[in-house]
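Heads up, the chain below is alone and in the form predicted on its own; it's given as structure tokens.
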Amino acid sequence: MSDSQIEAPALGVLHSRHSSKWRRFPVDVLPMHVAEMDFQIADGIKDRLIKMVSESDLGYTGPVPEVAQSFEGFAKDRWNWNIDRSQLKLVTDVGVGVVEFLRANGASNGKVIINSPVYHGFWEWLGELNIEPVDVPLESNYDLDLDGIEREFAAGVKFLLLCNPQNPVGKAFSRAQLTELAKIAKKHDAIVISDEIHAPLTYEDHEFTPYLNCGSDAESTGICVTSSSKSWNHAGLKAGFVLTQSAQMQAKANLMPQATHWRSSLLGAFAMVEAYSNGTDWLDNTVKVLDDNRKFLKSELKKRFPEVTFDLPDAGYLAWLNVGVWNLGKDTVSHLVTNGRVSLVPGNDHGPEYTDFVRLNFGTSQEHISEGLARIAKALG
């Protein structure tokens, strides 16, 4: 199989994998919860890993300037973003990067703004530092509530943890919104930590805008935390990076302990190099498959469950479904697992008030999507 043929193997093959997605539940449960795709990794990444393993090249992670060099080219080509590659720092993964930046900059036991519905990891990361999440929910169209964010900045909250594109709704925030956010953050001497891990999976009918590419206010208030691990499907290799674009924000990133670099994986670092340098054909073909999948899912939901609402995401392979008419509330996912042998993510993992929602992963084959929906229908009787 080549980078031009993006396919999910049969379920029997997938169940032989060792990741959490395939081990959390018994083998008769179809997992559509964890945010990883079922597709093969890019040939270049596979070949790089095989070469390093075969040569016993598995030591500690020293300097890897190739990460910044490769991301520099990718960011320029994809988003017309000129990064300062001297300001890129390796970290274990996005979550560790966020936690260590917040810890190093005095956020422990304080408050941080988030915007629900948002990735459940945000709540957990803040909990590690005894930080109180200050939720300013997204607006009804999933735009940022800039007035609400400014009120919290004005009240003294100094950090916003942004998810762009947003997990679970797949929203890629506009340049206008992000530029205004940067202006507000600058006004209140606040910091925006932008998790942009889903960015390369943005569809052609939408545009992704990096926060740090929104002018001088963004550069002086922002830090990007990201990795190729989500878009190129190698989360288990444990490597990511933080990136700043100004002297003042670089100084804040430099407060992080050196261990954030040493705790990253050598294999993960060079997987990122390969992804950003030579993985664009695989990425583009994967996004085409996902584009077909999101439309297929929309069509199938309309046929099988016309009462369920689903807005096509701007990016990523996660579907945010309003299933309130099922009247299962917080028991929705457990009911589906028990009665349909299919697992989704409970909506209230993304914010306590979202019990009428579920998150479904469509980063697989259309055959598996159909199987998942059939199991849901069975569970609902």
Ligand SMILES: Cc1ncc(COP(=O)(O)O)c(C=O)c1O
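In this text, residue numbers run from 1 along the sequence as written. Quick caveat: nothing in here was measured; it's all calculated off a predicted structure.
Not pictured, yet referred to below: the form predicted together with this ligand.
Heavy atoms within 4.5 Å of this ligand in the predicted complex are found in one stretch of 277 to 285, 88 to 96, 263 to 271, 299 to 307, which is 88 to 96. Proximity of Y119, C163 and N167 to this ligand in the predicted complex is complete: all three residues have a non-hydrogen atom within 4.5 angstroms.
In summary, among the residues F71, W125, F208, Y142, the only one with a non-hydrogen atom within 4.5 Å of this ligand in the predicted complex is W125. The listed set L243, I197, C214, V192 contains one residue whose heavy atoms approach this ligand in the predicted complex to within 4.5 Å, identified as I197. Residue contact with this ligand in the predicted complex: V345 places no heavy atom within 4.5 Å of it. This ligand in the predicted complex is approached by K230, whose closest heavy atom lies within 4.5 angstroms of it. Taking non-hydrogen atoms only, K238 approaches this ligand to within 4.5 angstroms in the predicted complex. Interface residue remark: L49 is not counted as part of the site for this ligand in the predicted complex, having no heavy atom within 4.5 Å. Contacts with this ligand in the predicted complex, taken as any heavy atom within 4.5 Å, map within 3 to 37 to A35 alone.
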